[in-house]
Ligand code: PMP
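Taking the form predicted on its own, here's one chain by itself in C-alpha cells.
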Amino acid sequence: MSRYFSEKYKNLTPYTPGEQPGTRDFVKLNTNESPFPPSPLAVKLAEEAARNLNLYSDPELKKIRAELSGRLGVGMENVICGNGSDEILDLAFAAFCDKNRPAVFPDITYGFYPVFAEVNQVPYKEVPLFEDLTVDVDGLINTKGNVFIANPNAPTGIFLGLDRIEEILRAKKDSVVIVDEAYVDFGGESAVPLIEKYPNLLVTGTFSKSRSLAGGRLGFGIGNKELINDLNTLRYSRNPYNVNSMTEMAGVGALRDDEYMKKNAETVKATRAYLTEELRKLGFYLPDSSANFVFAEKKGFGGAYLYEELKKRKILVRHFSKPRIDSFLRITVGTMEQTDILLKALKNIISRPGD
C-alpha cells in the first residue's frame, strides 16, 4: 500500500471475488452465476434505455421499485434498490451498526460480511456453525448485536426455516435482523411477508442469480419504511445515482418475464438433484442444498487438491481455505452438459490420485 493509504484501513483484508478467467474455454462453476442468458424482455428494455444514456438515471428508481412492490406485495416505501445486494448490505452495516451495536453472523457464511464490518469500522462477532454446518440460532440470539444471516446460507446451501428466523426477530427486538436471500428462488421461502409483523427485519435480494443479471449489478432491500429511510439517507449521501438506467430497465424486464425465471430455476433444481446424487455415488458428502450450488467434500482428498486438478482440466469451482471448510468445494449448478463434464473429470481424478 502507498504511504497515503489511511491508517484506519491498514489491517483490512479485502473480499476475494471468484476467478473470471477471461476466456470461454473454461467450464465456469465458481461464482454461482446463472447458466442461462437474461430474459429477452430484459435485454430489449435495457437496449431501449441505452438510447438515453446522455441523461442521469432516476435516483428514486421508481420503475424498478414499482415492479418489485407489485411482485412482492409491499409498498414502494418498503423498497430500496442498489448496485447489487452487496451495496444494500454495505449500507446496512453502515446505517445500523457501530461500537455500541456490533454485527453478528455465522463463522461460515458470505465472505463479504466481515469485510463490510471492517470497512465500516464495526466490531463483529462470528458464531460458529454446528458440526453439521447448520446455523446456531441460540448462539446468534445470545450474542449482542445486529444479525446478518444468509438464507440459504453460503457456501453451505442450507436453508433455515422461517420459524427459526422469527425466533431471532422476537428475541432481538432491539436489533436489526438482516436476512440475505440471494439464493431463495432455488428452494427457500422468503421472509418478505414478515416485514409487516417485525419492524426490525430487513430482507435483501439480488437479480444476479435466478434472474440472470449478474453483470447488470442490481439488488434490493425490503423492510419497514423507517429502515428504508435510514438506508436512503446514506445512499443519497454517497451515491444517489447508484443504479444505471439500462440495469434498472433490465430488472423491470426480468420481473415482467417471471415465467422465464421460474422455468430456469426449476431446471437448476433438477440439475442440482442430479449432481447431488451422482456426487454421492462417488463418495462425496454434501449437505442438502437449497441454492444454485452444492457444497461437496470427498474424504481422503483435500479441497485444494481437487480444485487444482479440476482447474488443470479447464473446470473452475470455488475453494475456501478457511480451516473448517478447506476440504470442501463449492460447485455452481451449471447446464447438464457442464455437470457431466465436471462429473467425468472428478471420476478420473479420484480414481487416479496423483496423476
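Note that this is a predicted model, so its numbers are computed, not measured. When you see a residue number, it is the position in the sequence shown, counting from 1.
The form predicted together with this ligand is left out here; the points below concern that form.
Novice: Is it the case that R217, even though its partner is missing from this view, gets within 4.5 Å of this ligand in the predicted complex, heavy atoms only?
Specialist: Result yes; R217 sits at the interface with this ligand in the predicted complex.
Novice: Any of the heavy atoms of Y198 lying within 4.5 Å of this ligand in the predicted complex?
Specialist: Y198 lies outside the contact set for this ligand.
Novice: Please determine whether D86 contacts this ligand in the predicted complex, using a 4.5 Å cut-off between heavy atoms.
Specialist: Flag for D86 set to yes.
Novice: Residue-level question: is A95 within 4.5 Å of this ligand in the predicted complex, judged on heavy atoms?
Specialist: Contact with this ligand, no.
Novice: Can you check 233-241, 158-166, 177-185, 276-284 and let me know which stretch has heavy atoms within 4.5 Å of this ligand in the predicted complex?
Specialist: Selected range: 177-185.
Novice: Can you work out which of N78, S245, T206, T143 has a heavy atom no more than 4.5 Å from this ligand in the predicted complex?
Specialist: Contact with this ligand in the predicted complex is made by T206 alone.
Novice: Only one of V252, A154, V137, I228 has a non-hydrogen atom within 4.5 angstroms of this ligand in the predicted complex; which is it?
Specialist: Selected option: A154.
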